[in-house]
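Only one chain is shown below, in structure tokens, and it's the form predicted on its own.
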């Protein structure tokens, strides 16, 4: 299994982040000085992927504009001698070959991925959700690709979550066959705490075989009257070995308000040019809260 292509679903309505997502795609929300989807595309590139398809929807044109060249802005920066900023802007427009297709109706993640069938053209492919940032020494999706190519099987990214949050995720049941690697026996989409087979939760990274498309065409709508990718993977499971890899890194769910705020704070602190100022302000706030 050789993985060369990536699909980034970015057509969701972002209802957990309303009201800001009424006029701005959640994938374009700023984390420090870059939109969320910039980090996602960078992760794919660092994993050696050079062909990316982004699934967009109505109101998502800003994503295409961001990765396009902006000759007027480049000319202005060049004229003003702002060469550092110019290099950053030029690099965005030349990051990788990016293609786009629209999901015309919001029918779920499984339906969005089905729109990638023609582009994938019979190859295995990576999926990176457009509102999940993973910061790690080795790119998160590269950790999955490594296992998928070694096992010649689909691989799902997972993390352990608190039991009271299992109802927000797809949950796996399986046996740990290597450190941080599970062979999957079953998958359940957003179970109640009582129904959950574990607290090992599916997160926004996958390596999938092209056979997933035939399954997605037959899977009935699941929770939320949407085509759920987890339901399709469950149907694929009897036909193929499937693994879950706990990703070594830190994940930020930008689809939630708390996750968005935490990502901005922590990624600001990780930047040498911002660390001291941000930490000083946090310390000042904590003193004010502590002492009134």
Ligand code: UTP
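Note that the structure is a prediction, hence the values are computed from the model and not measured. Numbering follows the first chain given and starts at 1.
Keep in mind the form predicted together with this ligand is missing from the figure; the text below concerns it.
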* Stretch in contact, per heavy atom within 4.5 angstroms of this ligand in the predicted bound form, of 141 to 149, 124 to 132, 172 to 180, 156 to 164 -> 124 to 132
* Identify which of 210, 106, 197, 221 has a heavy atom within 4.5 Å of this ligand in the predicted bound form; exactly one of them does. => 106
* To do: May I ask you to check whether residue 15 falls inside a 4.5 Å heavy atom distance of this ligand in the predicted bound form?
  => yes
* So, in the predicted bound form, is residue 112 in contact with this ligand at a 4.5 angstroms heavy atom limit? -> yes
* Asked: Does the 4.5 Å heavy atom contact test between residue 234 and this ligand in the predicted bound form come out positive?
  -> no
* Indicate whether residue 26 is a 4.5 Å heavy atom neighbour of this ligand in the predicted bound form. => yes
